[in-house]
Each structure stands twice: as structure tokens, then as C-alpha cells.
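What follows is a single chain, given as C-alpha cells, in the form predicted on its own.
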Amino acid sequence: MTQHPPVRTYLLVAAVLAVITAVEVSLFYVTVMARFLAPLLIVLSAAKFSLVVMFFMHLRSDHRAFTGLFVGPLAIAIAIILALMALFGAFVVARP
């Protein structure tokens, strides 16, 4: 059995997740960032996904094959989302 991180590490990861969530919410209200909103939110969501999977699902201390089972579908999902967003013009900012 592998050694898991101490409770302090989990609390630190939870604090980082809270900060990332606050940044995501605040980015939505910054009108200057409207053009880059979707890509920024995708990157921040991927970072949160990674932290949750690595620490709270103990993937960091498990076998490397499990990492591939999580990262592979994540990469495919991001590629599909970006392709659909490009197809439907989500990256084009409407000008008043």
C-alpha cells in the first residue's frame, strides 16, 4: 500500500481549488477578457480536474495506467469541445 499525503496537503489543495473557482467566477465579470473567456475557463477547469483526480481520488499515488485512463479521455473531451466551439463561432466576440 502506498503512503498518502497528510491532511495538511488535502486542505492546501482544497484552498487552491477555492481560489481557482473564485478566479473563474471573477473572469466571467471582466468584460475585457470576453474574447479569451472560453479558453481560460477550459484551462482553469482542466487544472481543477487534475488536482481533484490527483489528490482526492488518490491517482497521484496509484499506478501510472490509471493516469492514462483519466488524462486520455480529458484530452479527447477538450479537443471535441474546442472543435465544437470553433465550429459554432464561440471564439468570435460580437461587437456593439
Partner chain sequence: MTRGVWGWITTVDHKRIGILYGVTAFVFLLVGGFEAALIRLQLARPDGAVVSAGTYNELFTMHGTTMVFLAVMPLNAAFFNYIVPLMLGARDVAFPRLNALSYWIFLFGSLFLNASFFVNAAPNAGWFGYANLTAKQFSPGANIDFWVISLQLLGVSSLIAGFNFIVTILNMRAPGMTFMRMPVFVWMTLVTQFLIVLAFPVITVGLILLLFDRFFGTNFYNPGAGGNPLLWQHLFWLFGHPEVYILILPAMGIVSEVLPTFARKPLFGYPVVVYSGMLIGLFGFGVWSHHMFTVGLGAVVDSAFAVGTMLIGIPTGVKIFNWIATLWGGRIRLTTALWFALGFIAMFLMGGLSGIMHAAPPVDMQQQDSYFVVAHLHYVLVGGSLFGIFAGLYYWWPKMTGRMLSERAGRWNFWLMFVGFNVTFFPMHFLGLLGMPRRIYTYAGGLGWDLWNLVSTVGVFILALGILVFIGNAVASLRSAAPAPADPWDGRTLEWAVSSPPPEYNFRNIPTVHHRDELWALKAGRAPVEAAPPPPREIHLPPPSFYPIVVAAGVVLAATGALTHLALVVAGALVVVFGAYRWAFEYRSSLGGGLRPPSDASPRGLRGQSPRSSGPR
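Numbering follows the first chain given and starts at 1. Between two forms, the rigid core is the largest collection of C-alphas that superpose within 1.5 Å. Worth saying up front: this structure is predicted, and the values here are computed from it rather than measured.
Quick note: we don't show the form predicted together with its partner chain, though the next part is all about it.
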{"item": "Interface membership of Val30, its partner chain in the predicted bound form, 4.5 Å heavy atom rule", "value": "no"}
{"item": "Heavy atom contacts to its partner chain in the predicted bound form at 4.5 Å, residues of 72 to 89 in sequence order", "value": "Pro73, Ile76, Ile80, Ala83, Leu84, Leu87, Phe88"}
{"item": "Post core alignment: Leu11 C-alpha displaced by 2 Å or more between the shown form and the other one", "value": "no"}
{"item": "Threshold 2 Å Cα movement between the shown form and the other one at Phe66, rigid core reference", "value": "yes"}
